[in-house]
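Taking the form predicted alone, here's one chain by itself in structure tokens.
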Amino acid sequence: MTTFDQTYDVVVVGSGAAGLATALGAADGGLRVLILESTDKWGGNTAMSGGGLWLPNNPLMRRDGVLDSREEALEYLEATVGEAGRASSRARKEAFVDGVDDFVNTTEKYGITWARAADYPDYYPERPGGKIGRGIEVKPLDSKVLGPWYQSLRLIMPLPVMTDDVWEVQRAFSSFAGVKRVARIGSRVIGGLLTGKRLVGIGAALATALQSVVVGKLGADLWLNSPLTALIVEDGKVVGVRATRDGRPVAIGASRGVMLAGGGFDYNREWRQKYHGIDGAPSGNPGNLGGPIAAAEQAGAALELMDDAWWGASIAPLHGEPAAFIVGERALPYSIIVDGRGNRFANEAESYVDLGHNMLRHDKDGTYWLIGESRWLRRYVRSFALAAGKPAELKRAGILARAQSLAQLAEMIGADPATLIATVDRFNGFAKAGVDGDFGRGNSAYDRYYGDPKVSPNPNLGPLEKGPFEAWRIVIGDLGT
């Protein structure tokens, strides 16, 4: 029998939304909870994310009179996820859908305020059971509620931004609606400052709201710099964990169970090569090294879906910097994505996960470029361009190129000029007709969400005709594994 240094009812490994939601459920039931975080920052990938939760048939939808149902949600999950192993069994799908109300109602009981992302579509809204407006997010809130915990929040954007801000903000240079949206965000910032608040939004708001309830109100313990090293198994049952706290080994009992919610292996190069065949260009939490997965496997757990990730396209990173993940900008008109030869290979506006899969299938070791013309440069706010680094440094690194003609640009990026020009000519014909005859860009409501409604006949298609032309080298990135 193990001698424990401390004992809790529930030990949760990981301090992102999954871990904090588990801790909330346990603490709400009167259980004593410990949360272990391996790094010096809590919040995980959640605090760095867009903070949206896909919760079909949720209470906010019903309050707004938006029709949805358990049956439609399950139909959509079967049509999109299907059977990918035990992790996607029918029983798990049902448990997820049936748990939505309890999660929302429990969080609201403790003062968490949600808002619907009413315009945001499912990734595949045209498939059976698909909808628009199932996502919810925490409304921007005052991070001062965290007290001293704010200093250790894994915060990358301390602004009160919400999901449906993004698609209009990227058109701030070209539309009155975009200008209004920027002004709305500015008024939130100013309003917060005038009232003495330190407002945060998106993923930081979600992490702040959950942690302030779990730790601040319900008294769960949160240990930083405390990585899991092993699960303690006795008589075939997990009874606790071994961890390192501030450099010292500790044994912690868990009388009611252990929850592993410690993220993936985003930054574990050895595992990335083993399971994905690439080094990876992650944009998430650098503390995701796969420790909890390794501990579970050592204890006899089966592993599934290790070969997949939350893929997408990212701007090639400067040495030592995280990759800048591309969300909506690739759906804007007057731009395309090509491979190293100069050919299109996918619908640029499809869900980022699908685009990442298509890059892997097309050429996992190849070169890719996001190319736009003068209207794309002039009309749209491209957040990745703000995050990627200084233009001169990017040009020296071969990540950014600009030229007055497509032929010159092709020479600069190593593509075949004739191939790139032919690709653009074909795409321009599709743009003028309003139908992408190769890959269906703009056919889905998801594509159009990030498009420009002022561009017709297709908000995702605009011809590349006017220099200067700009190319950004992109890589197969991810938001998590």
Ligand SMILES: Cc1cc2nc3c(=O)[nH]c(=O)nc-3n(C[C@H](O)[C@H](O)[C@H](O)COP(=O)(O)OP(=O)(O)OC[C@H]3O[C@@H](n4cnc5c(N)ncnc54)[C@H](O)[C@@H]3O)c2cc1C
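Please read all numbers here as calculations on a predicted model, not as lab measurements. Note that residue numbering begins at 1 and tracks the sequence as displayed.
Missing here is the form predicted together with the named molecule; even so, the following discussion is about that form.
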Between the named molecule and S49, L228 and A261, in the model of the complex, does every residue show a non-hydrogen atom at 4.5 Å or closer? yes
Could you tell me which one of G284, P333, G280, P160 places a heavy atom within 4.5 Å of the named molecule in the model of the complex? G284
Taking 4.5 Å between heavy atoms as the contact cutoff, choose which of N288, S212, N347, Q170 touches the named molecule in the model of the complex. N288
Please determine, with the chain shown alone, which of 439-447, 29-37, 422-430, 56-64 has non-hydrogen atoms within 4.5 Å of the named molecule in the model of the complex. 29-37
Any chance L479 has a heavy atom within 4.5 Å of the named molecule in the model of the complex? yes
Proximity of P140 to the named molecule in the model of the complex, heavy atoms at 4.5 Å: no
Just to confirm, P292 within 4.5 Å of the named molecule in the model of the complex by heavy atoms? yes
Classify L464 as contacting or not contacting the named molecule in the model of the complex by the rule of any non-hydrogen atom within 4.5 angstroms, answering yes or no. no
In the model of the complex, which residues of 1-23 put a heavy atom within 4.5 Å of the named molecule? V13, G14, S15, G16, A17, A18, G19
